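The data below hold one chain only, encoded as structure tokens and taken in the form predicted on its own.
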Amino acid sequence: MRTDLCDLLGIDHPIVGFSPSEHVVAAISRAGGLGVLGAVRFNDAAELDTVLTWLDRETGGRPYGVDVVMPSTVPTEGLPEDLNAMVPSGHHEFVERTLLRLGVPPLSAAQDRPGVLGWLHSVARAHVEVALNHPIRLIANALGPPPPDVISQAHDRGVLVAALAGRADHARSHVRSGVDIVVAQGYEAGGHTGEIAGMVLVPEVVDAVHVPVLAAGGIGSGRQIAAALALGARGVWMGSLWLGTTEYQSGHALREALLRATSSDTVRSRIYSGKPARLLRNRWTDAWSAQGAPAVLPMPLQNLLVSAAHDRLMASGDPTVVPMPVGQIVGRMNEVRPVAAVLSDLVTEADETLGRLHKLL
């Protein structure tokens, strides 16, 4: 299984794997795909630089990419303290009451850390500046095209730019902005996602633009990769599936929650970041949909509100409250396996499926 995407990105298989874990990213790239590191978790650009230096070494010269979060509209930014002042006190009180009701203990001094600031436009720009000083092959933006100057900087360095799209008109706008690859992300996907299912969205986007299209959302098998290619995609973008791999270093509670979840155990909600994102459905997400819950705040204020709560929920050791973006493919994540084995099985099954379909002609 090989498409022109492989030549474009310098990879063996048309599989792009997103992960917040550098260990997963390195393993995907070493196995012949393109690993893409989610940078939003890095508050400190120097920390991102250290991780990318590690990836430069651990990928063995194989290409990799970086994913940033640059919303098209953001509140006027000052210091994080200024933004926190924009969060209504009632929202803070609701979060504290909910954590208490769910039995989530406070963090110890050693566990406490600042909220995630990678949702801020200014921090995302720092991520881009760091990333372009490394031999990356791709910059992807989870919220549409990056600003024109960022696209120009990337192209000047020979770096391709990708952007996620949930509608065909968005994809056309992305390409007009200078994006090289469009990721058509269906409703089934984890994290930020739109309202159109992949089976409908992918061919619409393929027909709408002249650049390579990657299919994303609900993809977790070789048969689904073959289906994406049949719909006109040049490859696939996969994120959720890697959460169940050996290299993804997670606590016992998150691992248990992922392994026991079915494809119906997710919910699309704004509570994680302020924009619609698919998450594990649990007692925390239910609390935000209950009567009396406050209105969700816009990005990045919502994440500033809940980021410390997310740390507490993760540290609680309770699988019924872990705050985790994941797609509907979670129902197929039933065992923990190494990235290389997962990717090998994906390729083998895709090849077998394409061969079987060829015999039908």
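Model, not experiment: these values are computed from the prediction. Heads up: residue numbers just count along the shown sequence, starting at 1.
Keep in mind the form predicted in complex with a further copy of the same chain is missing from the figure; the text below concerns it.
Contact annotation: Glu204 falls within 4.5 Å of a further copy of the same chain in the predicted bound form, judged by heavy atom distances.
In the predicted bound form, none of the heavy atoms of His134 sits within 4.5 Å of a heavy atom of a further copy of the same chain. Although the partner is absent here, Leu231 is a contact residue: one of its heavy atoms lies within 4.5 angstroms of a further copy of the same chain in the predicted bound form. a further copy of the same chain in the predicted bound form is not approached by Val40, whose heavy atoms all lie more than 4.5 angstroms from it.
With the partner omitted here, the stretch from 143-151, 157-165, 93-101, 221-229 that lies within 4.5 Å of a further copy of the same chain by heavy atoms in the predicted bound form is 221-229. No residues of 5-43 lie near a further copy of the same chain in the predicted bound form, the criterion being any heavy atom within 4.5 Å.
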